[in-house]
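As C-alpha cells, one chain now follows by itself in the form predicted alone.
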Amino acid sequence: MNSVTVSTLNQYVDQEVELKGWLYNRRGSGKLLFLQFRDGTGIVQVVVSKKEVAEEVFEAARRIGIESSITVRGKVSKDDRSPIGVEVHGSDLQVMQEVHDYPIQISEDVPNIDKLLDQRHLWVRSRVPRAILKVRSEVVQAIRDFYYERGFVLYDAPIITPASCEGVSTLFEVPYFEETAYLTQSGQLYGETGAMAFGKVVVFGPTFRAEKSKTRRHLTEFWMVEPEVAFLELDGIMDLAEQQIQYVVNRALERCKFELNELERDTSILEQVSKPFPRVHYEEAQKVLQKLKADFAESDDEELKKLSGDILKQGLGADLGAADETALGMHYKQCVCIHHYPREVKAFYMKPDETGKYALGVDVIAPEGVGEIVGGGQREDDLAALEAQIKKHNVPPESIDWYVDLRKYGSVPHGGFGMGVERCVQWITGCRHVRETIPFPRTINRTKP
C-alpha cells in the first residue's frame, strides 16, 4: 500500500493509500461519517461508512476529537466537488493520540483574535493562517530566487549592532557585557559594505523597531529584504524595486492559487501589477493629497470622510502618514513610487538632490490600504557631506566610524532599498492585520507564545 500525502493524492486515483496526519473536522452521524483529514500538505475528505469498515474502526472515527493524530487507509476516488478533486473512501483508521479538549473551535462564527493569538502555536494548523503562511513561504522563496538569478550575493548583517540606522527612539537596547548594544533596525549600513566588496548584495533577515504603534501595519519584529548596489542611482533603484515587486506578485499568483482562493482574495489588482509604476514627485503627491482631502470631505461615504480628517495630518512638507499612503493607493489603484521627499524628513545617510532641498529617496506605496512596502534611495557618497549629516543628526561618531570608512576608501554612487516581507504578504493575501503574516507576531503587547 502506498504511503502518500494529501498533495499527491491525484496521482493515486482508484488505488489504496495510507495517510498519516490529524483530524481537522468531522460531520455526519448514523451510518456515514465525513472526516476532514489534514497532513500539512492539504486537507482531504475521508468517507467512513459503517457498512464498509470494522465496528471498532467506525467507533473510533465517531469518537475521536479534533486534532487527534491518526493513520487512515482507503481508496482514492475522483470527486469534482472536492477542492482538490478527490476524496478517500476509508477502510481502516488507527489512532496515535486521541484528543478531546482542543481549545480552538473551527466553526466559531466571530473569532476572538486575542484568544487565537494566545493559541498561535495551535492556530497555525487552521485553514486561514496556513494559507497565509504558505503564501509567505512562496514570497520569501521568490525574493531569494529573484536576487540569486540576477547575480546578487547574499550578505548577512548582524542582529546586534552598535548604532542606529533609522532613529534612536525606535531602538531596543541590549546589555552587552560592559557596553550597550541594540537590536538592528536595518541591515542597510552593513549592506553598503558588501556593495563595495561585491558590487551588488542582498541582506535578508529579521529587524526590530521599538515603535509604540498599535496600527494594523506595524510589528516590533519583522523580516526585511535589503538589496544594495554600487553605481546604482535613484532611477535604477526604482527600476529594481519595480522588478522585484512584479516578480514576487507574479510568483504568488502562479503558485499560490489554491491558498488565495482559500482566503477568498480578489486578485484583480494583483493581476494588474506591471512595471513601470507611476513615479510621482513628493510635491506632486502633496497636491494630489490636498485634492483628495477636499473630495473625501464632501463624500457621502462615512469612511472617506473620516479618512479626509487624517490626510495631511502631519502638515504639508512632512513625511507621509498612514492615511496619506492609503489615499494615494486609492487614487492610483496600483503601486506608486513617491520620490524626492524633503531632505529634513529622511535619514542622515540619504543623498540630497542638486537643490539640496530634496532627498534622492523613494517609497513604493501599495494599494488597498497597505501603504508603504518599499523604502530606499541613493546614499550619501561624499565624505564631508556624510560627516556633516552625522553631526546634525547626533549620531555618536564612534559607533559609526567603520561606516564612514566606506567614503574614505573608494567611494562611489550607490543605493538600495528595504522591503518588509510582512507588509508585502499582507497585501498579496488581503489579510487585514500584518500580525497574521508571520508565524509568531511580536507587538507592543505580545511576546508569547
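Here the structure is a predicted model, which is why all the values come from computation and not from measurement. Residue numbers run from 1 along the displayed sequence.
Omitted here: the form predicted together with another copy of the chain. The next part is about that form.
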(message) Taking another copy of the chain as it sits in the model of the complex, is Thr193 near enough to touch it, meaning that at least one heavy atom pair lies within 4.5 angstroms?
(response) yes
(message) Just checking whether Gln45 would be counted as a contact of another copy of the chain in the model of the complex - the rule being heavy atoms within 4.5 angstroms.
(response) no
(request) Examine Asp401 and determine whether its closest non-hydrogen atom to another copy of the chain in the model of the complex is within 4.5 angstroms. (result) yes
(message) Taking another copy of the chain as it sits in the model of the complex, is Tyr12 in contact with it (heavy atom to heavy atom, 4.5 Å or less)?
(response) no
(request) Would you mind picking the one in Glu262, Glu138, Glu372, Glu242 that has a heavy atom within 4.5 Å of another copy of the chain in the model of the complex? (result) Glu138
(request) Could you check which residue among Ile113, Ala297, Leu154, Ile84 gets a heavy atom within 4.5 Å of another copy of the chain in the model of the complex? (result) Leu154
(request) Look at the stretches 86-94, 355-363, 308-316, 173-181 and give the one with heavy atoms within 4.5 Å of another copy of the chain in the model of the complex. (result) 173-181
(request) For the stretch 412-445, return the residues whose heavy atoms include at least one within 4.5 Å of another copy of the chain in the model of the complex, in the order they occur. (result) Val412, Pro413, Pro439, Phe440, Arg442, Thr443, Ile444
